[in-house]
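Shown here is one chain on its own, the form predicted on its own, set out as structure tokens.
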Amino acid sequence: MAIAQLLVEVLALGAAYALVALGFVLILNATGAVNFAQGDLVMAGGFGAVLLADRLHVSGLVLLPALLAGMAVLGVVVALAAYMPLRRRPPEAVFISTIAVGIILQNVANRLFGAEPVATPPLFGAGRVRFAGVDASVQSVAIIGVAALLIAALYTLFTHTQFGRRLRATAYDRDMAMAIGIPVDRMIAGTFAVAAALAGAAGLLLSNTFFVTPSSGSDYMIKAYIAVVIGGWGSIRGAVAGALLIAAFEVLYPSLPLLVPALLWMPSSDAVFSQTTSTIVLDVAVLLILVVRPQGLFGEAARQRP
């Protein structure tokens, strides 16, 4: 059952990465600009969860709603500071402004919490659970469940609420949305709020295992960017698929010698199947995908986009 246990870890890690990538795509579709602060919002969510846990002394699942609300407010602040004043400027201006916001968040976190890695509280608790013959950590199973619920809630928001329909209309054609009376600026601020809430949730989910530092957001930003490139620029399902593919490389590739013991006899097997090498292999896979399908696995051809 080793492969089944590894697949649970892939799903848990990929689900958390998917939350980051989804927030990235939502802002990209709504504004046409890249929010380079998305990774640092994950970091902010991690530290926010640590701060709440210190004050409330509850599990991660209990403090999640408060964290989502706080991160949504932070997302609106980012929209007002980094996007709204520059919304009529070229997209490059927003790129720079969101990078600046990310740097500010890093320095604020460093000032408040220091540079030492800290962990967020587990969603339920420590320990392991067995189901269908698979032995998995409680945290991994909880991450899959919480991420699935958040993605389902996001789907419900966008497909079954008036607010969600307005958000989709704004993302599809801002000028037309404005012409029919949709408050576009408020919808974009709402999109930033949703994206920041997703990032904050990912920060809570990821930082229990991988810890959080003021500089950890950069790594999550890169992974979100790669996930979107793999899945297709602006594709929601592509972002999820790309996130799962990244998680598969990170979990399965270094574990190949455990699954295939004969690989242990390879010269320098520790180096060949290291986490660093898995990153290299992932980058090569990204290049191959771009050569074969420049628009990504689920992306549309550029000429088909409105």
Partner chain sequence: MRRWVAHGGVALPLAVAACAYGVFVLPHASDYALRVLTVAGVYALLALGYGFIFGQAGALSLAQGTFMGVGAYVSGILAVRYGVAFDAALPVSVGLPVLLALLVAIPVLRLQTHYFALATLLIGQVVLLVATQWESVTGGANGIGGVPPLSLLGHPIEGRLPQLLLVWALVAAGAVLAWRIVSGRLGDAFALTRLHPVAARAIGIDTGSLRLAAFLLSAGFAGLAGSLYVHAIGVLSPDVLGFPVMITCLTIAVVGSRLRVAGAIAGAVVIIELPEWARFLRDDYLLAFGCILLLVVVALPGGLVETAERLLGWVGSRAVPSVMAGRVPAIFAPADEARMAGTRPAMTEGVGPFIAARAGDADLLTLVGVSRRFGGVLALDDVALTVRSGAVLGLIGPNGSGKTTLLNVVTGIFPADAGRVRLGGRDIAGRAPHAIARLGVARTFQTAALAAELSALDNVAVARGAARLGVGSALRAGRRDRAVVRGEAMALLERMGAGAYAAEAAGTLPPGIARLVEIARALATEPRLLLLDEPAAGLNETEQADLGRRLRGIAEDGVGLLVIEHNMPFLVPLADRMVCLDQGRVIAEGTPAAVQSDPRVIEAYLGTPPP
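This structure is a prediction, so every number in the text was calculated from the model and none was measured. Positions refer to the first chain, counted from 1. By rigid core we mean the largest C-alpha set that fits within 1.5 Å across both forms.
The form predicted in complex with its partner chain exists for this protein as well; it is not shown, and the discussion that follows is about that form.
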{"query": "The unique member of A119, A153, V129, I96 whose heavy atoms fall within 4.5 Å of its partner chain in the model of the complex", "finding": "I96"}
{"query": "L157, V138, I222, A148 - the one with a heavy atom within 4.5 Å of its partner chain in the model of the complex", "finding": "I222"}
{"query": "Close approach of G125 to its partner chain in the model of the complex, 4.5 Å, heavy atom", "finding": "no"}
{"query": "Proximity of V286 to its partner chain in the model of the complex, heavy atoms at 4.5 Å", "finding": "yes"}
{"query": "Its partner chain contact at V34 in the model of the complex, heavy atom, 4.5 Å", "finding": "yes"}
{"query": "Exercise: F113 in contact with its partner chain in the model of the complex, heavy atom 4.5 Å", "finding": "no"}
{"query": "Stretch in contact in the model of the complex with its partner chain, which is absent here, among 189-197, 85-93, 140-148, 68-76 (heavy atoms within 4.5 Å)", "finding": "85-93"}
{"query": "Three-residue site F210, S255 and V272 fully in contact with its partner chain in the model of the complex at 4.5 Å by heavy atom", "finding": "no"}
{"query": "Within 4.5 Å of its partner chain in the model of the complex: residues from 222-246 (heavy atom criterion)", "finding": "I222, Y225, I226, V229, W233"}
{"query": "Cα displacement of V286 between this form and the one not shown reaching 2 Å, rigid core superposed", "finding": "yes"}
